[in-house]
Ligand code: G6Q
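One chain is shown next in structure tokens, namely the form predicted on its own.
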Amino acid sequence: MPTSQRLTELPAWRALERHRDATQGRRLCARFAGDPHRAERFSTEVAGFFADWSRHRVDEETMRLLAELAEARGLPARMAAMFAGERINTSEDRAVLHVALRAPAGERMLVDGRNVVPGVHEVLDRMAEFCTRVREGSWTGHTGRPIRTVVNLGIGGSDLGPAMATQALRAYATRAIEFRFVSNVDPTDFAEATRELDPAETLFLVCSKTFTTLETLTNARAARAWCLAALKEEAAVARHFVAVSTNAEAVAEFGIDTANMFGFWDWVGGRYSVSSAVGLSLMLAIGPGRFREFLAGMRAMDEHFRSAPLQHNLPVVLALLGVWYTDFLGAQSHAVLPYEQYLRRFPAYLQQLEMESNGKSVQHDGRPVEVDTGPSVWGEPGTDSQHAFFQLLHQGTHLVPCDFIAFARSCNERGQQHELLLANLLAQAEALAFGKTPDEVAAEGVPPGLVPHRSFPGDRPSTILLGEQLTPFSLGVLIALYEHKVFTQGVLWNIDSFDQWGVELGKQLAPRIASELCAPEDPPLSHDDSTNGLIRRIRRQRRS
């Protein structure tokens, strides 16, 4: 159960504060010099990934105390409660059981006493049958032509997860079908996604659990009008639209055959839903067999998280390091740097996963949090990012812990290009950790006036996550790793990582403002002076 203990009064917290003060001046170069086996002791291998966190400002005492803090916050019990299907999403009174989405057939995972695994596999089997028909060409559009383009209409977790994963696994995807994603209510997003497409060969996936999401339904109505403008007959909607939803009445009213509606459950949060029917676009891209490999990778990390001791549990280790930097060393952001072009959307995916989950300022019981919670998450692929923001990472005034993600082999080998990519990763991690002192710079003959500019302070921490090759399995492992990291940090901060009330107020205000912007006559306005003035200005500009 959520704890009522004050975090900052726990003996483990106070011990960490004392430990920080006692070790704050200890540099990474000294830590390595004094421990020839440091890299071996601060690394592990899990589900095909080698994780090296030796370049962090920690020692064995740091990790021991952080693990004690996790124990004191009841992490093992909270982990067990999640896997048991208890209602750990307290503000919405819901279970949190996305781990059931990748449970093998025959396993029992209960919500309110009912085994949910058979239902999961029933949906997976229906998805597989549908995807096979589309990929083989036996599912055709209204005019009898096969589908050549799939457009996913969703937002938040119904877009970021499938868009990221479909891009990440493009090397395994069919090239007979093109995949596009529309999330923004900005009409430009829809216009560009459908430009030069043939409606007779286009299939839309409308992803909205309630089938009421404003942005998604706005784009779905635009897609329906675009489709019918070309195909004319209302019956065409049933051949060019399917739904990922649980609202059968609204789906049918839209014109979608409910036989082509794929549901999921209220114990699946949007940003944790890519392994559910929300991943329909991914299954269409890579096929049912590869999709099950993807689920197997997630399952492998689930089992590691569930069973490994805390100090050797990779999601827990990453979470504890994050708490160390956020709450003891003052870091306010975290960079994710995939040295794999296919993962270019992965940092954006993690932005929602981490910042929507743990960007909270109240605890489960409504009390204010006592410490800083979720940091800002950002990043871009290497080597492009090296020529964009690495200057700040190396010589800026902000402490930014980094995660480097890479694979030993490329899906597209070209000469020695992949070795060069990996060399850049290792060089950047080494330079961040150890830097270059003014004495070292001066010894190279650099003029005294330039020595400060060419010195690097070092002690910039990073984790390296190295897999063998990007595959559906390894992507599943990676996603589940960060899911469980986020959960662990939420437990330590005593916040609900599975609600998102912070996005609701703006959503409630938007329809009212939209009606005022669209009103035929100037409406009375009762917002603040700034909002009222901007509404009037926009109305004038749109009328002119």
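On a predicted model such as this, the values are computed, not experimentally measured, just so you know. Residue positions are given as counts along the sequence shown, with the first one as 1.
We do not show the form predicted in complex with the ligand, though everything after this point is about it.
**Student:** Would you say the site is open or blocked once the ligand, modelled from its placement in the predicted complex, is overlaid by superposing the surrounding C-alphas? Use blocked for 3 or more ligand atoms within 2.4 Å of a backbone or C-beta atom.
**Tutor:** Pocket open on this form.
**Student:** Work out which of the listed stretches, 313 to 321, 392 to 400, 429 to 437, 148 to 156, brings a heavy atom within 4.5 angstroms of the ligand in the predicted complex.
**Tutor:** Selected range: 148 to 156.
**Student:** Out of Thr202, Thr326, Ser208, Ser474, which one falls within 4.5 Å of the ligand in the predicted complex, going by heavy atoms?
**Tutor:** The residue in contact is Ser208.
**Student:** Counting any non-hydrogen atom inside 4.5 Å, which residue from Gly374, Gly382, Gly270, Gly379 sits next to the ligand in the predicted complex?
**Tutor:** Contact with the ligand in the predicted complex is made by Gly270 alone.
**Student:** Would Glu340 count as a contact of the ligand in the predicted complex, using a 4.5 angstroms cut-off between non-hydrogen atoms?
**Tutor:** No, no contact at 4.5 Å.
**Student:** Check Lys507 for me: does it contact the ligand in the predicted complex (non-hydrogen atoms, 4.5 angstroms)?
**Tutor:** Yes.
**Student:** Would you check, heavy atoms only and a 4.5 Å threshold, whether Glu356 touches the ligand in the predicted complex?
**Tutor:** Close contact exists here: in the predicted complex, Glu356 approaches the ligand to within 4.5 Å, heavy atoms only.
**Student:** Does the ligand get within 4.5 angstroms of any non-hydrogen atom of Thr213 in the predicted complex?
**Tutor:** Taking the distances in the predicted complex, the answer for Thr213 is yes, it comes within 4.5 Å of the ligand.
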